[in-house]
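To begin, one chain is listed below as structure tokens, in the form predicted on its own.
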């Protein structure tokens, strides 16, 4: 293989994955040079970026741009949406800020408070003071996502010092926007680790010290149009709920 021209090696590497390319750079000096080439990493970058995307300044190569987008999500749409790439595939990932979601009574200060936290990606997060009726919904245009990719949506959240009313599972759903209400089959998810409940998905602690719980999955095919609607609801048991802090909803590829 080392006898092959470098551009030929680069062509072969571009047909693999970012993970394979990084591993191949340890084979030889020739492979390392090919693995760093713009031709290879341009293949892993999206063919289409979001409308208001601007590449960060000071990145000398396509490889630098790729890993910048993996590790440093860019804020778009008036800082209400973040864009990044999944490390092993280069597929697109997005996170919608709490401000971009439809939160019932979210603008009523009796029920929700908008605060800033140092570990948040966005300027503001939504802190629940108290409600009986919890309803959080987000929509994203499916054309923003990578083709032929299985995606999942996650509510990203944490708790204040005194959460209450979330011991029981709540309803989660993910559907094509416009789906009739009667056709939606929600799943049950647990925001808190409750030893007495084994229903549905459970929240998991992330590496950034926020929690996430999966709302659902969908497969994005080439040519798909419309919006995906994701929601978390608890409207059937009229008891007090408080202490939830909503960061946003993240949409990212499901890894094997």
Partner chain sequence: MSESDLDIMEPETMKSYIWLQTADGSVQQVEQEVAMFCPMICQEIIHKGAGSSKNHAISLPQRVNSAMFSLILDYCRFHQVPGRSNKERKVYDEKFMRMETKRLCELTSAADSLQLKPLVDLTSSALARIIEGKTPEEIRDIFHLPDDLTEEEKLEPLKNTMDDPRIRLLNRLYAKKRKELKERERLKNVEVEGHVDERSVDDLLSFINGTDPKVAKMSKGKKKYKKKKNQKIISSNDKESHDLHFKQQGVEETGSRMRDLLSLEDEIFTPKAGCEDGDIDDEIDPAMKEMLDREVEDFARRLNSNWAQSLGQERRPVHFSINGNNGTTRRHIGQSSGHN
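Numbering follows the first chain given and starts at 1. Quantities reported herein were computed from a predicted structural model and do not represent experimental measurements.
The next section is about a form of this same protein that is not shown, the form predicted in complex with its partner chain.
Peer 1: With the partner left out here, check for me: in the model of the complex, does some heavy atom of residue 13 sit within 4.5 Å of its partner chain?
Peer 2: The answer is yes: residue 13 has a heavy atom within 4.5 Å of its partner chain.
Peer 1: Any chance residue 45 has a heavy atom within 4.5 Å of its partner chain in the model of the complex?
Peer 2: Judged by the heavy-atom cut-off of 4.5 Å, residue 45 is well away from its partner chain in the model of the complex.
Peer 1: Taking heavy atoms and a 4.5 Å cut-off, does residue 25 contact its partner chain in the model of the complex?
Peer 2: Taking the distances in the model of the complex, the answer for residue 25 is yes, it comes within 4.5 Å of its partner chain.
Peer 1: Answer for residue 32 alone: is it within 4.5 Å of its partner chain in the model of the complex, judged on heavy atom distances?
Peer 2: Yes, contact at 4.5 Å.
Peer 1: With its partner chain left out of view, choose which of 104, 143, 179, 113 has a non-hydrogen atom within 4.5 angstroms of it in the model of the complex.
Peer 2: Partner contact (heavy atom, 4.5 Å) among the options: 113.
Peer 1: Select from 151-174 the residues with a non-hydrogen atom within 4.5 Å of its partner chain in the model of the complex and write them out in sequence order.
Peer 2: Heavy-atom contacts to its partner chain in the model of the complex: 159, 160, 161, 162.
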